[in-house]
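Shown here is one chain on its own, the form predicted alone, set out as structure tokens.
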Amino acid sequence: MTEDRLYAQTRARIDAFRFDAHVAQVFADMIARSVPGYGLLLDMISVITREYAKPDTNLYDLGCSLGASTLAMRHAAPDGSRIIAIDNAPAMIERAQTNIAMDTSTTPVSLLCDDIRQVVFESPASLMTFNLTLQFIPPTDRLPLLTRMAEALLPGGALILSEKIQLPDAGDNQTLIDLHHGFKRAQGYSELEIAQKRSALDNVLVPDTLDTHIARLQQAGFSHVVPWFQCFNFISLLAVR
């Protein structure tokens, strides 16, 4: 795993964050050191997969990046199921292919390099993971996408939605931001790295409040939405069709 040092040197100009080849090379280290509780989240995806994934159905990993969620689902997938992992970044898909090829599980995985807003979801589907991806999609596109996802899921099918959130109270929100930055310092990131990464993500990663997420999921057609994980300003929801 290559160490993330992308923002370790002072940059004259901070370009908008992109999932390019440079990010793909260090992404495994970046996300582990940037998202508190990420390893636990992946472990619990396997637990949720055992509960909600059905035999002979499609399982989706949307915004699959390097395939970590794909593998978490794969290790718990029922007989006859197939995983479809989608990402719009060619560099991510290329590395995901390598990671999946090294895995010994036998559940079939199809990797697609595509925009998930344009993908036609194949039925029947029983489980979808959508980890730290919706926040990068334009806000006006979020409800239509989630609606199509709900429509593709079988009754009782589930979506795991993990996101960085903002709190409605500015003071509370700043408290969680400060704690998140403290977590990143504890992982070895410098003040310069934290500041430059945050500048790169401005207007690229656009978070919602928890209430906004829940209301949108319900509007999209999910009958039951349960927050099951939170660490600082990162949260995961289980939405059942």
Ligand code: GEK
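When you see a residue number, it is the position in the sequence shown, counting from 1. None of the values given here were measured: they were computed from a predicted structure.
A second form of this protein, the form predicted in complex with this ligand, is not displayed here; the remarks below concern that form.
Heavy atoms within 4.5 Å of this ligand in the predicted bound form belong, among the stretches 136 to 144, 120 to 128, 166 to 174, 76 to 84, to residues of 136 to 144. In the predicted bound form, at least one heavy atom of Ala68 sits within 4.5 Å of a heavy atom of this ligand. This ligand is not drawn, but in the predicted bound form it has a heavy atom within 4.5 Å of Phe27. Proximity of Leu161 to this ligand in the predicted bound form falls outside the 4.5 Å heavy atom cutoff.
Using a 4.5 angstroms threshold between heavy atoms, Leu132 counts as touching this ligand in the predicted bound form. Site residues Phe183, Ala200 and Phe232 are none of them in contact with this ligand in the predicted bound form, judged by any heavy atom within 4.5 Å.
The listed set Leu111, Ala150, Ala89, Ile100 contains one residue whose heavy atoms approach this ligand in the predicted bound form to within 4.5 Å, identified as Ala89. Think of it this way: in the predicted bound form, this ligand has a heavy atom of just one of Ile214, Ile48, Ile194, Leu42 within 4.5 Å, and the residue is Leu42. Annotation for 192 to 207: no interface residues with this ligand in the predicted bound form [heavy atom within 4.5 Å].
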